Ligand SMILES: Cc1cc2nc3c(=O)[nH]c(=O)nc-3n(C[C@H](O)[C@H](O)[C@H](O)COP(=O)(O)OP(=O)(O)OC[C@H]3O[C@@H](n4cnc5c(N)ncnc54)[C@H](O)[C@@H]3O)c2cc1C
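Consider the single chain below, provided in structure tokens and representing the form predicted on its own.
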């Protein structure tokens, strides 16, 4: 991991093509290896079978070595608070639509922004020099001076493919190889209970480390505002994700991609109930009662997921970085002067697929339009920047990593010192 931290070009060009789980496996015992790779789902938001060493290393560097604490002043939403590294997840006080997106939509509407819902962008009108309109699948045209394509890269690739002259432009032609591996199957589900089921600590995700589907659970009722309606007679509400789509489950020997909905839900229940560590946590916080003692009121998959004999699919395919994506990340600025890109799938200083990468990409697109827009630089300690700069020289010269050179130098120095002492 330190090698990814102490590198620039080497990690982007070499480590980005190495599977993170495979690189760590020889150094860990089986239990440690399974536990470690299980963290990739909830923390990195990716599939451990595909995630790169570069992505994993850079992600955890930002988690563990962050800028000094940031003070948030008091406002109409609450008192002052401080945010630092390793403080845990920042969470809404209720469902994200009601507590976040609806507020933003209302605010943007008051600023004059118009929204067109449930009408996808079909293609761009391109005259060979600039974009003249966006064509919706309803047949309507949306005309503007500037266009920002900030949709998921699968949709972007389809939109651009309908205008071949536009698709061939630099940056834009990267979308086709960028999505070549297909979407990441990260299925959301939720479990409701008739009575409270407590986790020992609030604001903590539980990773079911021995789950074939890389299941992660979170107790929403322990975090949400007490006035949030969990559902009729529902006293505890867990949300969860299945982060690995290609590993066969224990009941039906089928991966998530090939399961029916009933098979998927059976696997989820079996993998949760058979986890001894999870059961121990539940017993600790619930007076010795086991998880099996609590009756499930309902378990359901998020409504967008469609299960069929052809495989699972959803209307909003999720893209994540893999060992085959780093060379194809496009810039926010394109050769078309009035077309810009945004999204965590574009090049950023964050350099990992994350919310922070998406935010930075939006600011970079905005700065390309208005140079007065500030893009906040990523924090990296001076000593890491210095070591990374030295490693860039080593990498371009075909030499080993600077940490390898340093280690060998220390060993030789120690051996020489011992030899001199023995003379």
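For clarity, every value in this text was computed on a predicted model and none was experimentally measured. Residue numbers count along the first chain shown, from 1.
One more form of this protein exists, namely the form predicted together with the named molecule; it is left out here, but the text below deals with it.
Novice: Heavy atoms within 4.5 Å of the named molecule in the model of the complex: which of the stretches 125 to 133, 262 to 270, 92 to 100, 343 to 351 has them?
Specialist: Of the options, only 343 to 351 has residues within 4.5 Å of the partner.
Novice: When the contact criterion is heavy atoms within 4.5 Å, does residue 27 count as touching the named molecule in the model of the complex?
Specialist: So residue 27 does not count as contacting the named molecule.
Novice: Given that the named molecule is not shown alongside this chain, does residue 326 nevertheless sit within 4.5 Å of it in the model of the complex, heavy atom to heavy atom?
Specialist: Judged by the heavy-atom cut-off of 4.5 Å, residue 326 is well away from the named molecule in the model of the complex.
Novice: When the contact criterion is heavy atoms within 4.5 Å, does residue 318 count as touching the named molecule in the model of the complex?
Specialist: Answer yes; at least one heavy atom of residue 318 falls within 4.5 Å of the named molecule in the model of the complex.
Novice: Classify residue 301 as contacting or not contacting the named molecule in the model of the complex by the rule of any non-hydrogen atom within 4.5 angstroms, answering yes or no.
Specialist: The answer is no: residue 301 has no heavy atom within 4.5 Å of the named molecule.
Novice: Given that the named molecule is left out here, which of 390, 39, 358, 369 has a heavy atom within 4.5 Å of it in the model of the complex?
Specialist: Partner contact (heavy atom, 4.5 Å) among the options: 358.
Novice: With the named molecule left out of view, choose which of 334, 322, 186, 216 has a non-hydrogen atom within 4.5 angstroms of it in the model of the complex.
Specialist: None of the others qualify; the residue that does is 186.
Novice: Going by the named molecule in the model of the complex, which residues of 52 to 82 come within 4.5 Å of it through any heavy atom?
Specialist: Heavy-atom contacts within 4.5 Å come from no residue here.
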